[in-house]
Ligand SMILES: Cc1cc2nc3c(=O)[nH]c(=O)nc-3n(C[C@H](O)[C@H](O)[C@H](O)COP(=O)(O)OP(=O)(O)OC[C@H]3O[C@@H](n4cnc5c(N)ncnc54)[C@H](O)[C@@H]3O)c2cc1C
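Consider the single chain below, provided in structure tokens and representing the form predicted on its own.
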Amino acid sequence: MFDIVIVGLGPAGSTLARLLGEKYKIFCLDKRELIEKENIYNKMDKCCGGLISEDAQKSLKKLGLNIPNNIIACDKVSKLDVWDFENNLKTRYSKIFYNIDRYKFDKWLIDMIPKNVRIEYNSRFLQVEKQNDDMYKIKYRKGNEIEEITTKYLIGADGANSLVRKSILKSKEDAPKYIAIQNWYKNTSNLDIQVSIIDKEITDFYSWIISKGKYILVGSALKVGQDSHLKFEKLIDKIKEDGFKIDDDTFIKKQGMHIRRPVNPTKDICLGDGNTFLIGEAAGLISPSSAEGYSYAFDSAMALSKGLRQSEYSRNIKKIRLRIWFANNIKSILTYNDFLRKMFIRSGLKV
């Protein structure tokens, strides 16, 4: 029997476990093995550009954390290029990002969880059942075995395809689903480049190119069910036609994962029900303009750590909801409206 069960040990889940680990008896599940990374082909890597934004840096500062040098993939990024294929325009903005190795970053956050917190890797959440005594029975698969535990509080920190969210909110609509697809290539030209690509022929969201020292990442967030993989291949062709050098000989691997894009902060964000709570992407907390999720993961974990009550959590999350509303109703309009974006790029202002 545990006080809290946390499903998922990404930035949101691991942060909450660290903040509450000394106060409660906590059990954590994570489907990954999280063994020491041996090579670039590690299957447990998450499909992620791995840029820590200025907002996420502020969140880490609130948590009293400084990113260790061994987690930095290459030098701090001080520029972001925008390639507007719709308007045939390119520009550069001054923005500060930390370019990280995502696997090492997750491992670093997990290693700070107090030792008294029990962690089960290679374990998949299956279902939750409410008990008569206000407790929850949790079933999960560990290897080939089905295990059961009981808890007073259940926390879903298991990402966009949250099984916890599906279990407790079977009838609730989810935010629009996208699939993020990302190719890794060898960086044979030693390029130092971070690019955001806008092209509605590919996606109504955005695509990216990010250098990682020895590697180049090319990715896109595409709507599910709209020939996503074909559109991704078209993106690769367009980038090549534009003069960017990537080819099949330098290809290393392909990654993919689902993300949810909250277009309605009231409908698309769900914080849980009763003594079950959702944080990070499981709650729908991600930027609808840039898909940035680190800051929302950290901030929602901090908000929930202040009190395990729905009313208190909802109150503590108000500023996060406001940020998502602003990102969708202001930043997204300026970024994805062809005419307005063209004006802003030519003016030199930040989009």
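Start at 1 and count along the sequence shown; that's the residue number. The structure presented is a predicted model; accordingly, all values stated were derived computationally and were not measured.
There is another form of this protein, the form predicted together with the named molecule, and it is not shown here; the text below is about that form.
Just give me the single entry in 246, 259, 128, 269 that has a non-hydrogen atom within 4.5 angstroms of the named molecule in the model of the complex. The residue from 246, 259, 128, 269 that makes the contact is 259.
Considering 309, 321, 58, 46, which brings a non-hydrogen atom within 4.5 Å of the named molecule in the model of the complex? None of the others qualify; the residue that does is 46.
Indicate whether residue 299 is a 4.5 Å heavy atom neighbour of the named molecule in the model of the complex. Contact with the named molecule, no.
Give a yes or no for residue 5: in the model of the complex, does one of its heavy atoms lie within 4.5 Å of a heavy atom belonging to the named molecule? Answer no; every heavy atom of residue 5 is more than 4.5 Å from the named molecule in the model of the complex.
Can residue 286 be called a contact residue for the named molecule in the model of the complex at 4.5 Å between heavy atoms? Yes, residue 286 sits close enough to the named molecule in the model of the complex that at least one of its heavy atoms falls within 4.5 Å.
Can residue 234 be called a contact residue for the named molecule in the model of the complex at 4.5 Å between heavy atoms? Heavy-atom contact with the named molecule at 4.5 Å: absent for residue 234.
Listed range touching the named molecule, judged in the model of the complex by heavy atoms within 4.5 Å, from 81-89, 251-259, 236-244, 192-200: Single hit among the candidates: 251-259.
May I ask you to list the residues of 1-26 that have any heavy atom within 4.5 angstroms of the named molecule in the model of the complex, in sequence order? Counting only heavy atoms within 4.5 Å of the named molecule in the model of the complex, the contacting residues of 1-26 are 7, 8, 9, 10, 11, 12, 13.
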